[in-house]
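Only one chain comes next, encoded as structure tokens, the form predicted on its own.
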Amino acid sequence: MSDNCENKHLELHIPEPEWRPGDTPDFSNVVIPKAGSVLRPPVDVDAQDIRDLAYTIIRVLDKNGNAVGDWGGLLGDEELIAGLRHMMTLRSYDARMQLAQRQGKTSFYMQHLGEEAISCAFGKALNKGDMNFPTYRQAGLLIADDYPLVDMMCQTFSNTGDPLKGRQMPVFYSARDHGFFSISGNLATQYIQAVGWAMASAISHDTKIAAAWVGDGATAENDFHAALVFASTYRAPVVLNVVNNQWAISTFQGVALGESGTFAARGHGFGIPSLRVDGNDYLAVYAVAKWAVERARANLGPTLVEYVTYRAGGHSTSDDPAAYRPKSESEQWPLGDPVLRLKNHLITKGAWSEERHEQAEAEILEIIMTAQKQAESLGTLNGDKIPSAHNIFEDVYARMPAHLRRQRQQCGV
């Protein structure tokens, strides 16, 4: 061995984003396949035959607003208009709740800005009774399933109308009847839970499937990999979703990605069919979701789906993205705005117009503000209408143990 090798100091490779605040973002090196260029395989395809789908991006909407390729054509105009309204509702809801947090009415909030198509479209591909195990940026699943906005707001305000009685963080919704499992603040726990739920459904010979959700950063967690082991081994009826919005809390996606190329490619080591889709294309998201859901329901096992998108806002109201990325980065993102893309598609088809869009914006804002007024009448963080401390002791045991009864009496509730 040479002296140079013996004396060379060891170094770690520290991934760094291409741009920092003050830099000019340039996404020209990002390979964006033409819309319609990726073929749709049969649902029962062997995972080995579609390995390439983990390295491309499935797209339906082209730059002119046309739907092209065999992943399109699954939704009619009225269904697409409903989808557009769902995304607009989520965006308007976000804006009002973000403002409410700044006004001290709630302690915390997390926006979906730029990611609305993913949860809103995916939700329409499921059946009643299917169960999502979401993270905190999938509220579109609830909106697409007509969950009451007032209940969502009351949960965010932790007031006397909070369905969860103040026992969850703001935006940590839970709605079993709407296929929305309780959100966990511990990253990736919902992944292994979703696989277990799906396995239980199969064991009981039910017809319901599960959908797991995780962000790009949380794919580095142990539970992510454990979930893939169980899902692949037992062919669990589950869709494993990875929302790659380029940024974790303040860490760019390369830290979790390593050198694997794409997050979808991680499914290859487990023999799981893995696809990447344009997360800002409502039609593409729905088509891929429908494909994966159909595969799970046909006892063909799990599918891993990576949604390529961009977190336009901060990670939460506790985060300032200007501290770690250029302010203009979201504007330069090459996949555009999901709301505007679906709007332009409907206008191109003659099913929508600028006038109808403006009218819809006004109608939705009125609905949101009316719901907010009702929710705030039941209390906010800076008011005195809060859930009773009595709730701390409820809904844990079928029969309350003696020591908890004593503690409740000591608290005077």
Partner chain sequence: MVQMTMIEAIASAMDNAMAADEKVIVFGEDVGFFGGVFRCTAGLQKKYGSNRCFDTPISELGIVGAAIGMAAYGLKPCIEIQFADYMYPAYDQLVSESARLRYRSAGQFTCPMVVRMPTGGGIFGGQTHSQSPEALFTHVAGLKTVVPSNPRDAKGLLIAAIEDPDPVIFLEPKRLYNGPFDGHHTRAVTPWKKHALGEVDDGYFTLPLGRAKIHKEGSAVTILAYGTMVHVAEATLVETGIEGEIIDLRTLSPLDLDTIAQSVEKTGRCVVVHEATLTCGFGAELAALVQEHCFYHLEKPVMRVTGWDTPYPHAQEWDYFPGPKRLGRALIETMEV
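Remember, predicted model here, so these are calculated numbers, not experimental data. Each form is matched to the other, and the largest set of C-alpha atoms that superpose within 1.5 Å is called the rigid core. Residue numbers count along the first chain shown, from 1.
In what follows, reference is made to the form predicted in complex with the partner chain, a form of this protein that is not presented.
**Student:** At 4.5 Å by heavy atoms, is each residue in P21, Q193 and A218 next to the partner chain in the predicted complex?
**Tutor:** Yes: each residue has a heavy atom within 4.5 Å of the partner.
**Student:** Just to confirm the contact call: exactly one of 68-76, 92-100, 328-336, 249-257 touches the partner chain in the predicted complex at a 4.5 Å heavy atom cutoff, so which is it?
**Tutor:** Result for this chain: 249-257.
**Student:** Among the candidate residues L187, I81, V150, L113, which is the single one with a non-hydrogen atom no more than 4.5 Å from the partner chain in the predicted complex?
**Tutor:** After the contact test, the surviving option is L187.
**Student:** Contact with the partner chain in the predicted complex for G166, defined as at least one heavy atom pair within 4.5 Å: yes or no?
**Tutor:** Yes, G166 is a contact residue.
**Student:** Find out whether any non-hydrogen atom of I386 is located within 4.5 angstroms of the partner chain in the predicted complex, and reply yes or no.
**Tutor:** I386: contacts the partner chain in the predicted complex.
**Student:** Any chance W197 has a heavy atom within 4.5 Å of the partner chain in the predicted complex?
**Tutor:** Flag for W197 set to yes.
**Student:** Looking in the predicted complex, any heavy atom of N245 within 4.5 Å of the partner chain?
**Tutor:** Judged by the heavy-atom cut-off of 4.5 Å, N245 is well away from the partner chain in the predicted complex.
**Student:** Scan 229-249 and write down, in order along the chain, each residue with a heavy atom lying within 4.5 Å of the partner chain in the predicted complex.
**Tutor:** Read in sequence order, the residues that approach the partner chain (within 4.5 Å, in the predicted complex) are V229, F230, T233, Y234, A248, I249.
**Student:** Tell me, please, whether between the shown form and the other one the C-alpha of D395 is shifted by 2 Å or more, with the rigid core used for superposition.
**Tutor:** Moves: yes, 2 Å or greater.
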